[in-house]
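Let's start with one chain on its own, the form predicted alone, as structure tokens.
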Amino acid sequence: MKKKIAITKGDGVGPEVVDEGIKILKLITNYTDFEFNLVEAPAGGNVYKQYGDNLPQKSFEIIKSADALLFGAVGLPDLPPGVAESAILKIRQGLDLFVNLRPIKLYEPLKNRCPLKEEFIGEGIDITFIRENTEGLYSNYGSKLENNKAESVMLYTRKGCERIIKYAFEYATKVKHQKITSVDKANLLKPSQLWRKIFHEIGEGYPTLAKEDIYIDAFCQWLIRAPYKFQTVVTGNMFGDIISDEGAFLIGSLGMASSGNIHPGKISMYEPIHGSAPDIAGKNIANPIGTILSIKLMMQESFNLMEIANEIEIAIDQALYEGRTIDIQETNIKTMSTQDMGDLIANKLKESLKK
């Protein structure tokens, strides 16, 4: 199987962590029957400085012709907010990537890194956040900024709600979850009332799944008090952004969290959820695991290579017992650079792929 993967390294620590992800993709090409052709598609703040555009048309054409996109992180401190970051929204909306898939899992070696007491961790933290990715406040529909007034329209459509909620129910069924949780603000917001109505309409077709609705403010505290109670969580764009970042804090570091921006059956974008972190750029200390787990999602969601996806996760779990980057360091475990951590995981994966 031959596939083309576009590579956007981005800004700050983006190139450093993406380079470690490229090691994994090349390893899969070298030791399996799957061949990945990697083509760079520059975007972000540094590209804006050079060309006056954070997503040049040439880069977007490369992305559109690929089978998947591995994306680093964009944003620079000497550019106004949004100048670099809006490249992500252009890709999401330009490719209609309506699913934002964000798994949050506390790996056994990192249990001591979780800020919660053991009683709150319970049986463990393993949640998949499924966030609507093209509507809501982030769509910039009707946005205005004046001297003394600013507004953004929180637009939900039936089509937008139906397709993400349907995806979430199908995902929960596929991974054999027993419960699906919808997060909204239906006691106040009209868009959330439409969302809740559609959630229950679609839910009637999945009688074996337990279903619950939770307001966003209540969910934020339950995510701290009892994260083990949640499995598949589906929500709108802004709420999903907030709670998935909150959830990432529980698994040891934001550097551990991955994401997929997905349109099923079409090109999708995979990226760690951490930012460009310009304060540590070039120091070779960023955690590459979020990027490598994003490749695991790519194998799983875009290429249906479930066995390889599983081997990547096993390699990460094994590596965490031997070495850590500084954000997840622990006494008696070797502190590693970005590059060394990537090498350690790659070597673990290589051993399993050679068998």
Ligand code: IPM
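In this text, all values refer to a predicted model and were calculated from it rather than measured experimentally. Just count from 1 along the sequence shown to find any residue number.
FYI, the form predicted in complex with 3-isopropylmalic acid isn't displayed, but the following is about it.
Interface membership of Y138, defined by any non-hydrogen atom within 4.5 Å of 3-isopropylmalic acid in the model of the complex, is confirmed. Looking at D184, you'd find every heavy atom of it more than 4.5 angstroms from 3-isopropylmalic acid in the model of the complex. 3-isopropylmalic acid is not drawn, but in the model of the complex it has a heavy atom within 4.5 Å of E85.
3-isopropylmalic acid in the model of the complex comes within 4.5 Å of a heavy atom belonging to R102. Stretch-level contact check against 3-isopropylmalic acid in the model of the complex with heavy atoms at 4.5 Å: of 185-193, 201-209, 87-95, 248-256, the positive one is 87-95.
Taking the partner from elsewhere, no residue among E20, K296 and E313 has a non-hydrogen atom within 4.5 angstroms of 3-isopropylmalic acid in the model of the complex. In the model of the complex, 3-isopropylmalic acid lies within 4.5 angstroms of a heavy atom of only one residue of 254-284, namely E271.
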